[in-house]
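Next up is one chain by itself, shown in structure tokens, the form predicted on its own.
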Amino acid sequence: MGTEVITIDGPTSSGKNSVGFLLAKKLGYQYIDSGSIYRAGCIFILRKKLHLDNIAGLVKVYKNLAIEVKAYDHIQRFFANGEDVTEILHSQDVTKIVSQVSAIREVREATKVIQRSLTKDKNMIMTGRDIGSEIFPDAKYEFFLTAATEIRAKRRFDQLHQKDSSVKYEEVLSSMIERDKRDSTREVSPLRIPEGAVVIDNSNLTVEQTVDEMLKHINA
């Protein structure tokens, strides 16, 4: 018997990370947010001062990227090339370039190799935007989380506002609408519902209720 992969896709702020983390905890699986792999690569792209149109240089970063996820006191730490990069994955500089970098076909191909290698010897829950549709289309359980745009924007706003009180909800909403449009219309691996995936609208559900809904399908 091989390892099992559960995929969770969905747009930004649809709760994928919180839900994926809790579901993994309940099932005793490893959890990985595929977006963190792209972000980890961006840290090294910035350090090397690579220009974003230097495709060969960007791809080399991802081909040489060794990713490990370790848990300390039930808190997950993300390592890239032996360095704990957990605290800088969501830095402003990384956030500024990650959607451009992750839209490059060759970068996605290199990242696909990392994603698949991470599931070789561990049962895994992986979240992202193309995990069920592109990376693990044969996964036994595929989920697609969604929520109303205004609700997702409010969640994102609440997160950002804790760190920076000058953030405006209207700006968060308009940038989310823009991001959704970019994700679903991009040429490479656009955001779409994987064939046969269970769609859960969690606009009015807590993280726990969303996980319970998923467990019903898994245990059915």
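Fair warning: this is a prediction, and the values are worked out from it, not measured in the lab. In this text, residue numbers run from 1 along the sequence as written.
Below, we refer to the form predicted together with a small molecule, which is not included among the displayed structures.
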Query - All of 20, 124 and 216 with a heavy atom within 4.5 Å of the small molecule in the predicted bound form - result: no
Query raised in the report: Which one of 155, 179, 192, 63 is close to the small molecule in the predicted bound form, taking close to mean a heavy atom within 4.5 Å?
Result: 179
Report summary line: The one option of 119, 146, 99, 86 with any heavy atom within 4.5 Å of the small molecule in the predicted bound form is 99
Query raised in the report: Does residue 108 reach the small molecule in the predicted bound form if we count a contact as any heavy atom within 4.5 Å?
Result: yes
Query raised in the report: With a 4.5 Å heavy atom cut-off, would you call residue 140 a contact of the small molecule in the predicted bound form?
Result: no
Query raised in the report: Is residue 77 close to the small molecule in the predicted bound form, meaning a heavy atom pair under 4.5 Å apart or at it?
Result: no
Query raised in the report: Going by heavy atoms within 4.5 Å, which of 30-38, 162-170, 64-72, 51-59 lines up against the small molecule in the predicted bound form?
Result: 30-38
